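Given next, in structure tokens, is a single chain: the form predicted alone.
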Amino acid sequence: MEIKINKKKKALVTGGTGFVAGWIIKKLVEAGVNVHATVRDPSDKNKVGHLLELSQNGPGSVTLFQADLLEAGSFNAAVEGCSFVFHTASPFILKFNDPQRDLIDPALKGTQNILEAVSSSDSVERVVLTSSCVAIYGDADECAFVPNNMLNESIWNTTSSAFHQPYSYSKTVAEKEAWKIAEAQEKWSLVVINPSLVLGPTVSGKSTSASHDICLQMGDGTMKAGAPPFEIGMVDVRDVADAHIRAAYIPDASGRHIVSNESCTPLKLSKMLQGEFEQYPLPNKELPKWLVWLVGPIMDKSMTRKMIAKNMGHSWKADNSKSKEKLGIEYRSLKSSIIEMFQQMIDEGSFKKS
């Protein structure tokens, strides 16, 4: 499905140094769009150098703006003159000290602050929000109780909290707030992308997401004794970026969109890598759930026994038909995604050969 991108209209991408944001910016610049990108520190060349390089290579351009998710008014300058806003900025971290401070507040208040700036602007036509499949479900065992045992866009996560699956909770409250704000006005429309676990190479060449942590554990020996029996949806970052852009420029795009290629496990990912990277200590078997339940919380305090019980050993399925039919997404293979991701992490020096 071909889409028409209006090169004359500017677009804002929040969280410009992020995993998904990098590919959205790259695709827009290559299409000739002038992009505003918000970052924490525009002077930090180590973080923003790849965005400046994209701008130099054109044909579009990137203009950097400093913004803070928790600071009201900090997005106003970046929004000015933009017709489309891609709000990707939200923490995705596995290790944190205070879930309210580190995850929930930035996700919720960041969404409120960006949409307040959007509503005060006269130029914005559409906002595309990066939500997540975890705003649809809280734990994998819930898949057994939904229609056809398959997640769909009509379902909302009702089981996560600040104390159980706080990242999932942060994405849920942020998306709900976005819909509440959008439905209270008529100046701009909201379209939401709900990706599963995002894999693939980064535009910057550097690891920027918690999904890289999972890949790291497969290659650095952490999972050498075996991989956890954890099944989840996975998707290539370039497909996620494509979904965002299509959601912005397809006039009748609306609502939520599950963007997920297929369900997979760390062991399946490992088998995709083994033929290419035999010199790394990749896992070749799956650990029994009882063992993960017993030792997991000791090895990693963020891995609670409740989380293990409700997510490991359960099948995960989601209906991605809307993303194909309404956005025209054609998913690339997960094998190519994980191989490119792993190779980039080797090039970056993330782990050494055993």
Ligand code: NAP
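Quick note: we count residues from 1 along the sequence shown, nothing fancier. All values reported here derive from a predicted model rather than from experimental measurement.
Just so it is clear, the following notes concern the form predicted together with the named molecule, a form of the same protein that is not shown.
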In terms of non-hydrogen atoms within 4.5 angstroms, which of the given stretches 281-289, 60-68, 313-321, 25-33 touches the named molecule in the predicted bound form? 60-68
With the named molecule left out of view, which of S160, S83, S119, S211 would have a heavy atom within 4.5 Å of it in the predicted bound form? S211
Single option in N113, N261, S131, S168 placed near the named molecule in the predicted bound form, where near means a heavy atom within 4.5 Å: S131
Are any of the heavy atoms in P99 no more than 4.5 Å from a heavy atom of the named molecule in the predicted bound form? no
Would you please decide whether A78 lies within 4.5 angstroms of the named molecule in the predicted bound form, comparing each non-hydrogen atom pair? no
Contact test in the predicted bound form: F342 vs the named molecule, heavy atoms, 4.5 Å: no
I'd like to check something about R40: if you look in the predicted bound form, is any of its heavy atoms closer than or equal to 4.5 Å to a heavy atom of the named molecule? yes
At a 4.5 angstroms cut-off on non-hydrogen atoms, which residues of 191-227 are near the named molecule in the predicted bound form? List them in order. P195, S196, L197, V198, T208, S209, S211
